[in-house]
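For reference, the chain that follows is the form predicted on its own, supplied as structure tokens.
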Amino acid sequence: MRELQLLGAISELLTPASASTLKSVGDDAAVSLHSGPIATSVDQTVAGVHADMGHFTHEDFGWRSVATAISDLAAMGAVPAEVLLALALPVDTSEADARSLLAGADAAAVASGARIIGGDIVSSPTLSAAVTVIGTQQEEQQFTTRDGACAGDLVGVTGDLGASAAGLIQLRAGVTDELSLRHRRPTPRTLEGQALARAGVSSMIDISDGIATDAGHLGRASSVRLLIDLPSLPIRPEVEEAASRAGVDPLTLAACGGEDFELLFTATREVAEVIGTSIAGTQVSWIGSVVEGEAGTDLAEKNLTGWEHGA
């Protein structure tokens, strides 16, 4: 599909922008209106690195590209507003596949309350997407960052862990089920992130690389040590079954698998008591504590590490 042909179809494919967007797709730059601070993040999805196109549809790829970028806003307690989507498409990409990719990207944005307002398209040997997301503050509520954890805080996590990694195991075994959907189409915890920010959590991060890595990010940013109780990690029975069939320890899968896009956070005991065992209708599990000591997490001492891109 040629670039001009696709550009001409974009306006009809995308959900119309919100009232805060003064100029959207079709001009040299988008123009939007926001009051107060905004949170901005960029995320890349590359076929063969983040998405095995032997198991992903182009619609899956579009969804995942936008959803994983919006997850960074969820980790700040931000309200997703706008998305800029830069696509690199192989020259043999069909019109149907290009449209499906855009449909998936648009659906993921709309599901989180955001709109795609612009971007770019180039040809490339490899399918990839660079997604910039813009989020606004909740009313009278600051963004939550990684550097606020203090000794004495508790460590919590939303949802369950290991489902995405188990889903990849299922896909490679030729099984299409709910776990495989969790891998192909993650759901960013935007409402949960906003509710946790309102509750007053001290720090927060989304789990893209696995708790074994992301807990270390929180610890180092806050100059504290996160102690994680492995047996407390929330794991669904289906994940345990998939891990066992693949000969993988379920706890290791939950700690290191990554791409769950749940939220890992810290909170004082008083805030933790208010949050309890659920937030915005999603399960919350308390899995550890924050102490003084070498910045990072004790999971490193147990030789548990999450995903890390090579240099």
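In this text, residue numbers run from 1 along the sequence as written. What you see is a predicted model, and the numbers here were worked out from it, not measured in a lab.
Heads up, the form predicted together with another copy of the chain isn't pictured, but that's what we're talking about next.
- In summary, among the residues S94, T176, T126, Q141, the only one with a non-hydrogen atom within 4.5 Å of another copy of the chain in the predicted bound form is T126.
- Only one of L227, L233, L181, A88 lies close to another copy of the chain in the predicted bound form, with a heavy atom inside 4.5 Å, and it is A88.
- With the partner left out here, another copy of the chain still marks one of 159-167, 106-114, 143-151, 184-192 in the predicted bound form; by a 4.5 Å heavy atom cut-off that stretch is 143-151.
- Though the partner is left out of this view, M76 does reach within 4.5 Å of another copy of the chain in the predicted bound form, counting heavy atoms only.
- The shortest heavy atom separation between H217 and another copy of the chain in the predicted bound form is within 4.5 Å.
- Of the heavy atoms in T40, some are within 4.5 Å of another copy of the chain in the predicted bound form.
- Looking at H55, you'd find every heavy atom of it more than 4.5 angstroms from another copy of the chain in the predicted bound form.
- Residues from 129-145 that approach another copy of the chain in the predicted bound form with a non-hydrogen atom closer than or equal to 4.5 Å are A130, T132, I134, F143, T145, in the order they occur in the chain.
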